[in-house]
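A lone chain, given as structure tokens: the form predicted alone.
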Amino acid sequence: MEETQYLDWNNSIQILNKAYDAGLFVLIIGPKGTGKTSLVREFAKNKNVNLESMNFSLRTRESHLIGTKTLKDGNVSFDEGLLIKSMRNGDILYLDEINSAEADVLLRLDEALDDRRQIVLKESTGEVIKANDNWFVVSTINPLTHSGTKELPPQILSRFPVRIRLEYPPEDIELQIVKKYISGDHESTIIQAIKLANILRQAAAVEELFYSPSLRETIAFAKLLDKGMMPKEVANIVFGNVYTQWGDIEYQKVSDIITSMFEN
């Protein structure tokens, strides 16, 4: 999503502020596209604190967190990773989709997250890195139904005692969010698109469909509508066509719903 003022509809920033003041790390739980990253960016901006971000996947390695040795002009040096840099500087460290990380990566991360807030730099000098008092960590996890996600080990979960559940907002709140991105007045049509998105989300939640549209899709719908495109065409482009990757039957289900909700 492009930069715009974050609408804190469930007081998540207040919870983050209290956790920050108490020195308690935070876990944000929710599906993709509910604004988890936007929330963390807004929080860091309000705090006027540098934000370091890492998105986890099966390809994330310890070296991304800790750092790597490099050879330059015949000299061996050590380029510190995001974890070490953020600990030294007292940054906000944002660990996105942490439950997509491999076990060895989580094990190394756990060393830094425990109550001592320190890590031994065994890859380099063996120095003990102690976190700056202002160091703060926010992680996100997606539901286990999302591809590539795994159940977090209990010891990692315990490092994040403050947990925020961020689901899709109520329809009236989603409308307020979407309207921030457009200049035209298409309220009734956008309301219909949000209703469509929620129908598809609910169907995905009970595994009747393979995909759950996010806030990004309702914003995209409104932006294309703002450019003069017809509602039904936009609905097919933004909401319908993605289902073709699961076959004609899946696509036709969604296409029929779109046809019933949009006349043109």
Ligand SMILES: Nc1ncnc2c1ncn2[C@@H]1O[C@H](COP(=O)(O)OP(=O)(O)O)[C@@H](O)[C@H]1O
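Note that the coordinates shown come from a computational prediction; the quantities given were computed from them, not determined experimentally. So that there is no doubt, residue numbering starts at 1 and follows the sequence shown.
Just so it is clear, the following notes concern the form predicted together with this ligand, a form of the same protein that is not shown.
- Partner contact region in the model of the complex: 209-217, out of 234-242, 209-217, 196-204, 63-71, criterion any non-hydrogen atom within 4.5 Å of this ligand.
- Heavy atoms of no residue among Gly90, Arg108 and Ala112 are located within 4.5 Å of this ligand in the model of the complex.
- Ser260 falls outside the set of residues with a heavy atom inside 4.5 Å of this ligand in the model of the complex.
- Although the partner is absent here, Gln5 is a contact residue: one of its heavy atoms lies within 4.5 angstroms of this ligand in the model of the complex.
- Residue contact with this ligand in the model of the complex: Ile156 places no heavy atom within 4.5 Å of it.
- Using a 4.5 angstroms threshold between heavy atoms, Lys32 counts as touching this ligand in the model of the complex.
- Ile177 is the sole member of Ile177, Leu152, Ile164, Ile84 with a non-hydrogen atom within 4.5 Å of this ligand in the model of the complex.
- In the model of the complex, this ligand lies beyond 4.5 angstroms of every heavy atom of every residue of 238-256.
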